[in-house]
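Let's start with one chain on its own, the form predicted alone, as structure tokens.
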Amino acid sequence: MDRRELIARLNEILKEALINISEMPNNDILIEINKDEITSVMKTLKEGPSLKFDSLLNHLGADCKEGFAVIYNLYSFTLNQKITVKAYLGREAPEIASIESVFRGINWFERETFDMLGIRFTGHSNLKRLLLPPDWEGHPLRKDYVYPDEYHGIDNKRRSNFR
């Protein structure tokens, strides 16, 4: 199946959840979806007989102009195609369903995104900090994050060696 056929097929299969679909310059297909449909979209992409996007390559979160975004990169060995799935979340209390039930390996990816950006993944089996101490306040990858000068009496001030 070539890319144009794949885009047409994705439009047909995901029409209820799809916000936008486009080709990216890196031979990737970008699918923007309604965040409330993430679990069903991922299950369809992974298990759909004509798709088989059964390899989760990456997951990340981003603090964007539109709010927060969660991004998933998938690959289908059957089709030899990559796709990127993106969902936007609001800035206040960003939340989306965990896709652990579809891709078990996403556990730590979701925990890292929670830790660094504060995006909550509902239904996650163990959503707690991964990289920072449990009592750390805030989420360092948010654009409005203010880095603390001190943590438990330890000086945290950033200094530059360049003058």
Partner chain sequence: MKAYGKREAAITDKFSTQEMVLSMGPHHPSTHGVLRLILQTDGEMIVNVTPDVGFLHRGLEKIAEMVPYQSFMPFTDRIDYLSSLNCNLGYAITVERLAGIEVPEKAEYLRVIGAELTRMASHFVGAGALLLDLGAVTPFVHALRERETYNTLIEMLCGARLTHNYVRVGGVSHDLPSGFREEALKFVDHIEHEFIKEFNDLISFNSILINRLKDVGVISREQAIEYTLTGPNLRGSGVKYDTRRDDTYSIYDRFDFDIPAGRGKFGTVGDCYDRYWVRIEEITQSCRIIRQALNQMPENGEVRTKLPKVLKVQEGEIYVRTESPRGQLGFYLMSNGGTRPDRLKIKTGSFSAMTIIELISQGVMVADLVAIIGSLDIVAPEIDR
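Residue numbers count along the first chain shown, from 1. What you see is a predicted model; the values in this text were computed from it and never measured.
Just so it is clear, the following notes concern the form predicted together with its partner chain, a form of the same protein that is not shown.
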| query | finding |
| --- | --- |
| In the model of the complex, G105 touching its partner chain (heavy atom, 4.5 Å) | yes |
| Partner proximity in the model of the complex: L130 to its partner chain, non-hydrogen atom cutoff 4.5 Å | yes |
| Any non-hydrogen atom of F114 within 4.5 angstroms of its partner chain in the model of the complex | no |
| Its partner chain contact in the model of the complex: M24, any heavy atom under 4.5 Å | yes |
| Its partner chain in the model of the complex - contacting residues of 79 to 94, heavy atom within 4.5 Å | N80, K82, T84, K86 |
